[in-house]
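To begin, one chain is listed below as structure tokens, in the form predicted alone.
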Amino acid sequence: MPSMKTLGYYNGEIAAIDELRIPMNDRVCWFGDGVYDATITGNHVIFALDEHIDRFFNSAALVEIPLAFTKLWLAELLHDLVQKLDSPTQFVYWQVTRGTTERAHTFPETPANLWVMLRPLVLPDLTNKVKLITVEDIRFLLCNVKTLNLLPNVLASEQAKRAGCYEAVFHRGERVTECSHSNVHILKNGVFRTAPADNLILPGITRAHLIAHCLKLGITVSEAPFTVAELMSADEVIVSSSSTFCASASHIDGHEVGGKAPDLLTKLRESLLNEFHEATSAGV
């Protein structure tokens, strides 16, 4: 039976998050040298786990971190760990770092370190509109890797917080890419528009599910770049992530946006939420 409030895992050691200690020579401390992924649970059932694990293994391969375990082993480990927490709804986070060794820029010949963090999660009320700001995208050109090097994201997220906003929308020149910790999409004239899954965005799992629901509902999808001007004039502006699902924006940079296609937005959001509730109902 679940008996813990939070849970941390490090190379087989399990304890409450604030009780675990990580070696200073873990390369995460020197270089942020690792990749991660995250999702949520409902009723102790992990949502879209296979897709998140596929992306995790892809990120590790792109930065050449060898993994000494299989996708099946990791899935079983995460499944076992989420059963140990009291809360049926959890934020599930895991990462791998390149190993523990003395500081040197070149790759060490040491095994990778696996971390897992679990904590309770309260699902947001998605009927509440959010405010956004725009920020020039100064990140490197491997945004498709879910890397631990998130300093530009952290700075943009803090900038949004200080402006009283939920998220910062990145753009490179006039092209909108994504947000500091979410993907961003627009609805315009009945079309769901989202940035292409190239090296300038992280291909969000929720993004993929939104596209699938659009196709299911007969909503046209365009995976082509759109501009800041098109963002500002969109019928609806949507931000999505594994824990936010499908939130809509009311303001960007202090200007009112969206609110012109509420029925279509609600239809898409409820379709995605229904999938989550159906997929996680087995744990009830």
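Bear in mind that the values here come from a model prediction, so they are computed numbers and not experimental data. Position 1 is the first residue in the sequence shown; the rest follow in order.
Keep in mind the form predicted together with ligand PLP is missing from the figure; the text below concerns it.
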Per contact check vs ligand PLP in the predicted bound form (non-hydrogen atom within 4.5 angstroms), the hit among 128-136, 180-188, 80-88, 106-114 is 180-188
Residue within 4.5 Å of ligand PLP in the predicted bound form by heavy atom, from Arg98, Lys146, His213, Arg193, is Lys146
From Ile205, Val169, Ala160, Val92: within 4.5 Å of ligand PLP in the predicted bound form by heavy atoms is Ile205
Practice prompt. Evaluate Arg27 for contact with ligand PLP in the predicted bound form, applying a 4.5 angstroms cut-off between non-hydrogen atoms, and reply yes or no.
Written response: no
ask   = Does at least one non-hydrogen atom of Ser248 fall within 4.5 angstroms of ligand PLP in the predicted bound form?
value = no
Report yes if any heavy atom of Ser242 sits within 4.5 Å of a heavy atom of ligand PLP in the predicted bound form; otherwise report no. yes
Practice task
Decide whether His44 counts as a contact residue for ligand PLP in the predicted bound form under a heavy atom distance cut-off of 4.5 Å.
Solution key: no
When ligand PLP is considered in the predicted bound form, the residues of 28-43 having a heavy atom within 4.5 Å of it are Tyr36
